[in-house]
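Encoded as structure tokens, the following chain is the form predicted on its own, with no partner shown.
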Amino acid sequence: MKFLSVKSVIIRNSVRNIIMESKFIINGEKPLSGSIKVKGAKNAALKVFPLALMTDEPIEVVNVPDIEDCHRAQEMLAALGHSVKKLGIDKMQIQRQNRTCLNLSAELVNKFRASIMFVGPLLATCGEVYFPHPGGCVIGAGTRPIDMFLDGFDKMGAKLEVLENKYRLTAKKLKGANIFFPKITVTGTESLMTTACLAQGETILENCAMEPEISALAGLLNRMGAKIEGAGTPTIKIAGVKKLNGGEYQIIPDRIETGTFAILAAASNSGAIVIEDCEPKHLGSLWALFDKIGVNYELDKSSVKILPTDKILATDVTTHEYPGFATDLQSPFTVLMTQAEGVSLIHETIYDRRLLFADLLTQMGANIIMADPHRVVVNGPAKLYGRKLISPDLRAGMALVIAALIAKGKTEIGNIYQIERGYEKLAERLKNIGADIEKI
């Protein structure tokens, strides 16, 4: 049983600069086939670690993905003085050791946006928290504000001070409130739902996000003694309780990873690829698009098989909150459209900067026209060629990996720390289905 200490955090920090210099070398046009397993959902796992701050009892977490964002969440708990014990390859135990409240580490907060999830639990249990603006992907720079979090905490009775380079929130006791989200926000829904569990009285959240990860988090909180109704619908009601207990959490399969591998298999179009240990029902919008463009696939209860097809047709796609087409799948799908017959319009409605990576695809030979910051026109099919590239963010970086796998020649992708924030042992897993990929 391994314990993640503050010393181990320092050691990890000292080697991270080396890790961030790593790169993928990919030789494309290799036939891909076989099976690949889906890991635990990044966006579910990251929301569990802050729950340790809300109970004196341990929480056991199973199916934890071995990814950089989860490492940062574990380091955050250790830096706050709490216990993170590894119980196995993908299992760990987290537990609060005390109620001493420290500033959230600026270095760690700047590494992953889900660090905002630690704010509510600290505010609810300690009455005070200092934190800088959360970081993560560069697509969030200037476009992913935290005003809905701060407004929600304000309605629950917290006082906000904006200090130099950080925020300070204080509250003697949080109180239930009626909160309407002016814009659908996944992490905002999860943060205020979690925080409200220890507030006095009832909290009603409206215009909530409906992602499967939210329902999974609410299920865990209810097993820990919370009283949450309506998770997975636009309206969530939370009756505050005095304390929460420990629990065990089996992290659901990563639907974004499932969809990404399915798109990779369709773009490669060279052999049958089976995606295992997944939840196909979480990706209805992608399967509807596959039906439309002619991708040959078979769904089972916990697996998807993608088979070669004669031709893939172009189609327009617009990103939308769940259950619509996920913004996190837009970048890989854009790569797929470079191989489709015809013209497609990709409309990104969630993040303004997410389409900027299309310029990297044009460097590889794609025929893409940037209509405006929200839309690109893709003309296909196009022959892609290997290039030397830098990963701009998590999902665009994975899209570049897909492009490199189907491109002619060698591609070098730098800044793969961004990719490994969300995909466990990617090179090793892709090798198992025939990819010629090395991490150096």
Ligand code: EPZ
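Numbering starts at 1 and follows the sequence shown. Small disclaimer: the values here were computed from a predicted structure and weren't measured.
What comes next is about the form predicted in complex with the named molecule, which is not displayed.
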Looking at 215 to 223, 154 to 162, 84 to 92, 322 to 330, which stretch has residues with any non-hydrogen atom within 4.5 Å of the named molecule in the predicted bound form? 322 to 330
Contact between Lys183 and the named molecule in the predicted bound form at 4.5 Å, heavy atoms? yes
Contact label in the predicted bound form: Asp147 to the named molecule, heavy atom within 4.5 Å: yes
How about Ile252: is it within 4.5 Å of the named molecule in the predicted bound form, going by heavy atoms? no
Residue-level contact is defined here as any heavy atom of the residue lying within 4.5 Å of the named molecule in the predicted bound form; does Glu211 satisfy this criterion? yes
Just one of His71, Arg353, Arg113, Arg96 has a heavy atom within 4.5 Å of the named molecule in the predicted bound form. Which one? Arg113
Residues in 375 to 395 close to the named molecule in the predicted bound form, defined by a heavy atom within 4.5 Å, in order: Leu394, Arg395
